[in-house]
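Next up: just one chain, as structure tokens, the form predicted on its own.
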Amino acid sequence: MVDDPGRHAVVLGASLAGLLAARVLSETFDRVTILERDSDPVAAFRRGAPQGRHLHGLLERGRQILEELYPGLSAELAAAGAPTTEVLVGSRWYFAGRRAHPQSTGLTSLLAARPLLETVLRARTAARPGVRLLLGATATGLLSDGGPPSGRAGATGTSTRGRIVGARFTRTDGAAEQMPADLVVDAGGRGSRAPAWLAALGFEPPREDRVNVDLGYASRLYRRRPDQLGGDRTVIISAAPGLRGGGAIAVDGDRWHVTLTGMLGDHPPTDPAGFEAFSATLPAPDIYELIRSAEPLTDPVPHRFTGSTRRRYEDRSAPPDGFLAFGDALCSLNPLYAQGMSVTAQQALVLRTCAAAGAGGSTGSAGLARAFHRRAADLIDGPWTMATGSDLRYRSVVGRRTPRTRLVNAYVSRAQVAAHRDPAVALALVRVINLLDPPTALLRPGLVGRTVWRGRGGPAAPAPVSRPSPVEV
């Protein structure tokens, strides 16, 4: 129910983050306008989401949240052709080169390709009362009230905060327009220009934390046959302890979506022969065996990810009133760990709670933004530490390694080995990975002993497989 008719929120970007932000804000704002630069968002892959051509993992916690916000979503996606399976049952997860113990987990993997997921969410969000999707509208800046930026004294000598009161945008014909708003939400992704826009208005841009990994990946679609992989629908091969990894997921249209990854400059090739040869070097043979016998439907396409970035909008001096950053515009994580969509879904619940607490309107949206950034920072701490801590295992990754980081990485390495041998450790590990349990769940009494004992010595050497060397392909 809308508490104050006339309140208007503008969301910059119709990505998954923008759609989720609009969805929850539609509960407390009378009007929500989404500005989307793409004119044809129903295309197979959006120009504004180049990463959409590559694998996306929706972790179980993320799926649960989407189901809460969009009741019946999982069934709708399944009816549209998205396969489902159970984590560790009907799917293969590899850690440290060995498969995690296959067992029932009760966790669902919803294998929806990014275009299908966005298409369904876009339709459901646009159908919400008061929500308007404006296509072909490229955000170009922010509007302020002309007041002094945060912490500066006004004409009366009283300390005031400047305020964001809308957004600038251009249409496809080049016409420049302005849109007033009580709240502007930046869902512009990791390439967001909002920090520069804020600086241009005299506000202090947020400080940034960054961990560069020079990740490259390449993806290709193949025709799927039911007999492949013994009927399993997912293969996830962790990059650790080497730099190379990959995934193959059954998606709608009876297709395999295969992505190969390489960190620190060791990027997969995009020519068909090189792509297949790279897959032969992964620490498990499943993906190579799959693609060498499958019919390719597309050529390999590349993508680059420089590193994880976190913008510290929770700092008191950083965000002006009437503005908040959301999704990857707030924190962009190494996609190898598939946390992005699910962490964004968690942010949506935080935003929903902050909005429902009474924030909004000419003074309330200031409180909403500040409350959201503080609470979202607490939420992000866990996934950020997990992702960047894991990246810091590699000596070439620049970053601060505390004794705690080294101890945690050593213990997680043990847990990954133990997950191959011990079903209890495997279940605990995948629940943490799926953001259902905090990392401290791996330290439960009884589990530590199993992890240390069953994870000792590393895994046995994988059995030889019949794979040609890359030079022979």
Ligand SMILES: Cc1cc2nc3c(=O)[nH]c(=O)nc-3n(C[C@H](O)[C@H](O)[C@H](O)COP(=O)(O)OP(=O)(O)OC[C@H]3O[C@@H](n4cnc5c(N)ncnc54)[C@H](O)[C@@H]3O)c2cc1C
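Note that the structure is predicted; figures quoted are calculated from it, not measured. Numbers follow the displayed sequence, beginning with 1.
Below, we turn to the form predicted together with the ligand, even though it does not appear here.
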Counting only non-hydrogen atoms, the one stretch of 198-206, 370-378, 335-343, 171-179 within 4.5 angstroms of the ligand in the predicted bound form is 335-343
As a check of understanding, the residue in Ala113, Leu77, Ala248, Ala187 with any heavy atom within 4.5 Å of the ligand in the predicted bound form should be identified as Ala187
Exactly one of Ala137, Ala280, Ala239, Leu88 comes within 4.5 Å of the ligand in the predicted bound form through a heavy atom, and that residue is Ala137
In the predicted bound form, is there a heavy atom of the ligand that lies within 4.5 Å of any heavy atom of Leu35, even though the partner is absent here? yes
| Any of the heavy atoms of Ala22 lying within 4.5 Å of the ligand in the predicted bound form? | no
Review point. Is Ala17 one of the residues lying within 4.5 Å of the ligand in the predicted bound form, judged by heavy atom distances?
Key: yes
Q. Taking heavy atoms only, is Arg128 within 4.5 angstroms of the ligand in the predicted bound form?
A. no
Those residues of 54-71 with a non-hydrogen atom no more than 4.5 Å from the ligand in the predicted bound form are His54, Leu55, His56, Gly57
